[in-house]
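One chain comes next, on its own, written as structure tokens: the form predicted on its own.
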Amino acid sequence: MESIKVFAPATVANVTCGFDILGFAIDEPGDEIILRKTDSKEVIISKITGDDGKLPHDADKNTCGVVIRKFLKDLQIDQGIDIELHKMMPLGSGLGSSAASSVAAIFAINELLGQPKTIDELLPYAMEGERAASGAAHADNVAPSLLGGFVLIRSYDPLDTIKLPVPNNLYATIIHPQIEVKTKDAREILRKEIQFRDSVKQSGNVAGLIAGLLLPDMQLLSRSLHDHIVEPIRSILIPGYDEVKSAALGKGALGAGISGSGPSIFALSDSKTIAENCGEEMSKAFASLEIESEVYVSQVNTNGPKIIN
């Protein structure tokens, strides 16, 4: 194989009560990457589209280049690689944009070289891509993008991730408003300490959410999709958040919350029809505030990245 084209999906991290420990993948949007072997023995980024010129072409600074260079170095393979990255999702959307690029890169190079490592062994490389992008090697976006489905990050030291079962009739509605919420700002406004009673309630909801997926029990899942710690603070950064969330719940969503650090908002539903209706109402809510938005509806993506012929 001399070249390969791969798609890696966007993700929803936190999932209300699961701050930094839960995430799930969706069918769209996502990123595409094309890798080509070269004789130069260098890793270069020849083309990036869809980023409005914001991403670095320097392979030492770009998530894709960082991931691939580390992979080749660890395998002691002296192979030149040309990278073409096509961003098919907005930057800073709260949908794991850098994670999708990192996952596409590591999955593609592993396939291109004949799968020298297992999927689970690729996760630390994808996390290094996140470190290059944000300064922290977090996994709540890269893990579901790479592994597919719902993923629980139980521990970072040692790294311990668990892929959870997903009910067949679980659908996600994602709305991305044309506003910007900087991850740095969303982190800085968080409380440094929380009340013990809030921790207990949050733990109960995390346990209930996981149990709802395992059983499966949609009503238990719905009762558990509540965030007592992060959402009340971060939601103030998203104009119209309460109205948009209420619009989704009013159309029958099981629950809704902030995707990652925002500004995207997600809702989970137990049918495609409800998910589509939620999207329409959520879009109307933003439109009433003169905020343009994009809506994506899909089942939870249980497959992760894929090769495109």
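Note that residue numbering begins at 1 and tracks the sequence as displayed. Computed from a predicted model, the values in this text were never measured in an experiment.
Below, we turn to the form predicted together with a small molecule, even though it does not appear here.
Judged by heavy atoms within 4.5 Å of the small molecule in the predicted bound form, the contact stretch among the candidates 279 to 287, 253 to 261, 236 to 244, 49 to 57 is 253 to 261. Screening R197, R191, K73, R187 for any heavy atom within 4.5 Å of the small molecule in the predicted bound form leaves a single hit, R187. Within this chain, H138 lines the site of the small molecule in the predicted bound form, having a heavy atom no more than 4.5 Å away. When the small molecule is considered in the predicted bound form, D20 lines it closely, a heavy atom lying within 4.5 Å. In the predicted bound form, the small molecule sits beyond 4.5 Å of every heavy atom of N301. At the 4.5 Å threshold, heavy atoms of S293 stay clear of the small molecule in the predicted bound form, well away from it.
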